[in-house]
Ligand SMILES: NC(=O)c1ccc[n+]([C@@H]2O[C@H](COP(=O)([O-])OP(=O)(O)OC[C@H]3O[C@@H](n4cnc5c(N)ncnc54)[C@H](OP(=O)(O)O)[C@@H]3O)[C@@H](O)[C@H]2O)c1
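Only one chain is shown below, in structure tokens, and it's the form predicted alone.
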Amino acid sequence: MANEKHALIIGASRGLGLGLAQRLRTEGWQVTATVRGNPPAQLEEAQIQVEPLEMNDLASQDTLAKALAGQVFDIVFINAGVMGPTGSLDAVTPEAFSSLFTTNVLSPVRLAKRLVSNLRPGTGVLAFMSSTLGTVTSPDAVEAPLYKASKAALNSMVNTFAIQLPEPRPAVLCMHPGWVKTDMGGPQADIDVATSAEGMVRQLQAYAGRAGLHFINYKGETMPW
């Protein structure tokens, strides 16, 4: 259908990425989702197109970009992130540090550069999964300083990326999904995946056509940088 909306969700094997893909499909969107390894049955059941992707592999990113060449997306949501090392900083190896920042900071922006041309002109929305912990003055999660630093670095890198895009620029979102009951958020978190996904989808649609960079949460509230 000519008016059918199309979304690309990067990292939909589980958790928030899977929840976003399912929510959008429920609302009638055509959805393409990337996964590592075998896709979950929920994606096939929802008739969601699946593409393989290893986020930290540039050749895999190039292969995805080639597979999606010519396709137009109303939403591209880059959902990638790992908790990384916690606890004593003295115990963190250079390899673990590099892996964390490659996954949470470098790879999302590298991939965005390959996919931004697939956004629908004028109304396309490019979103990155950020966190309120990316706010430099956040007093929370002192046990995970490297994760916090990686989200602050992501916000900074997205800012640099966004201001270099040619006019007319798309809406670019750094999105805080809330504290969500996932493998990363833990069972004590405030909200479930369905609540977060529903809220994020509302914001993704509300920001269509609102050019520029925005740091918001799933309720649409502006977050401090």
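It should be emphasised that the depicted structure is a prediction, and the values quoted were computed from it without experimental measurement. Numbering starts at 1 and runs along the sequence shown.
There is also a form predicted in complex with the named molecule; it is not shown, and the following applies to it.
**Student:** Just checking whether Tyr147 would be counted as a contact of the named molecule in the model of the complex - the rule being heavy atoms within 4.5 angstroms.
**Tutor:** It does: once the named molecule is placed as it appears in the model of the complex, Tyr147 has a heavy atom within 4.5 Å of it.
**Student:** Answer yes if any heavy atom of Ala12 is within 4.5 Å of a heavy atom of the named molecule in the model of the complex; otherwise answer no.
**Tutor:** Yes, contact at 4.5 Å.
**Student:** Though only this chain appears here, would Ala80 touch the named molecule in the model of the complex if you measure heavy atom gaps against 4.5 Å?
**Tutor:** Yes, Ala80 lies within 4.5 Å of the named molecule in the model of the complex.
**Student:** Although the partner isn't part of this model, could you tell me whether Met184 comes within 4.5 Å of the named molecule in the model of the complex, counting any heavy atom of the residue?
**Tutor:** Met184: contacts the named molecule in the model of the complex.
**Student:** Under a 4.5 angstroms heavy atom criterion, identify the one residue in Leu53, Leu68, Leu43, Ala171 near the named molecule in the model of the complex.
**Tutor:** Partner contact (heavy atom, 4.5 Å) among the options: Leu53.
**Student:** Sort through 68 to 76, 128 to 136, 115 to 123, 85 to 93 and report the only stretch with a non-hydrogen atom within 4.5 Å of the named molecule in the model of the complex.
**Tutor:** Within 4.5 Å of the partner lies stretch 128 to 136.
**Student:** Given a 4.5 Å distance limit between heavy atoms, list every residue of 166 to 197 close to the named molecule in the model of the complex, or none if there are none.
**Tutor:** Read in sequence order, the residues that approach the named molecule (within 4.5 Å, in the model of the complex) are His176, Pro177, Gly178, Trp179, Val180, Thr182, Asp183, Met184, Gly185.
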